[in-house]
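Just one chain is shown here, as structure tokens, and it is the form predicted alone.
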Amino acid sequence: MPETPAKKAILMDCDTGVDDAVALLYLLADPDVDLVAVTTVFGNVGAATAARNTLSVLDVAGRTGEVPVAKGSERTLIGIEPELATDVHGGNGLGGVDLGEPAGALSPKSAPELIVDTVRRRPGEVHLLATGPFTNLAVALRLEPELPALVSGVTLMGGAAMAPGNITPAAEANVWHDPEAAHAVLCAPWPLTLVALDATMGEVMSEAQRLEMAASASPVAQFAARVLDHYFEFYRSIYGEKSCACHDVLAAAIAVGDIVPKRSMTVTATVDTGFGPSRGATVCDLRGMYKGELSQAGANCTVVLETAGDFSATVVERLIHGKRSAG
């Protein structure tokens, strides 16, 4: 008989607001994914609220107590108290949907400690997926300088290569929140995929799709529809109608191999850590695109610039019906 494919081990580092919650549910609905841990950081909400929200999402998915959750950084790498995105995600980060106290408990370890301990126990197996500011990953790199050699890869939702930023004209939110951390993570010698706004802003979920989830028999999809309602209203000012970009869930799908980018380049990338108007800008060396060159010698950052544009249908299908195991 053919061998059963190994599950893909994912450690997700996130600032659990609405889009992170959808990404978590997407991964939890995939029997071929082993979500080995979740660590939280400030961003959409504070790290403590993000951790509480993560425990609540695990409850909704019927996975209470199965996945370790650790709280991480509440401030940036250089100690700045962050601005949070509660206007986008609601005061509690879940669009104002109150689930009460979660049933699970947090790990006694800090997020960077849990990241390091997890990859040390499973060297070469764990893929890091980060959908919030990259502070925990930067601290983990300080704790374990050999971290890049211990992971199977890293996928980041963040940055903007040719697209405008979504916080400033130059900067995307996850990078803007902690440019020093983003710079450290982008410059570390690990295989890195950057799922930038160039791609995520082109993957849009419609109000009709949200209502389809709301009307389904799936408690997971119903929950997603509820928390997305506030988020959709925010995006009305951007797209001109009630809808939203598929930021974090697209990064999750790329991390586990569900989506093959339509256009990407493997380049050197860094971050502007100055304090001028371009602070937090992602600087990707895309000059080879004019010659059709999709990679640079010695580069380790694959920047996703475009996907097919129809991914939201996959998200809706996954949250309503789950996914059949490849095994």
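Just count from 1 along the sequence shown to find any residue number. Everything quoted here is computed from the prediction, not taken from an experiment.
The form predicted in complex with a small molecule exists for this protein as well; it is not shown, and the discussion that follows is about that form.
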{"query": "4.5 Å heavy atom contact, Val154 to the small molecule in the model of the complex", "finding": "no"}
{"query": "Partner proximity in the model of the complex: Asn44 to the small molecule, non-hydrogen atom cutoff 4.5 Å", "finding": "yes"}
{"query": "Thr131 within 4.5 Å of the small molecule in the model of the complex, heavy atoms", "finding": "yes"}
{"query": "4.5 Å heavy atom contact, Asn92 to the small molecule in the model of the complex", "finding": "no"}
{"query": "Proximity to the small molecule in the model of the complex (heavy atom, within 4.5 Å), stretch among 101-109, 146-154, 240-248, 210-218", "finding": "240-248"}
{"query": "Of Val139, Met205, Leu186, Leu197, the one that lies within 4.5 Å of the small molecule in the model of the complex (heavy atoms)", "finding": "Leu197"}
{"query": "Listed residue (Val126, Ala173, Ala161, Ile254) with a non-hydrogen atom within 4.5 angstroms of the small molecule in the model of the complex", "finding": "Ala173"}
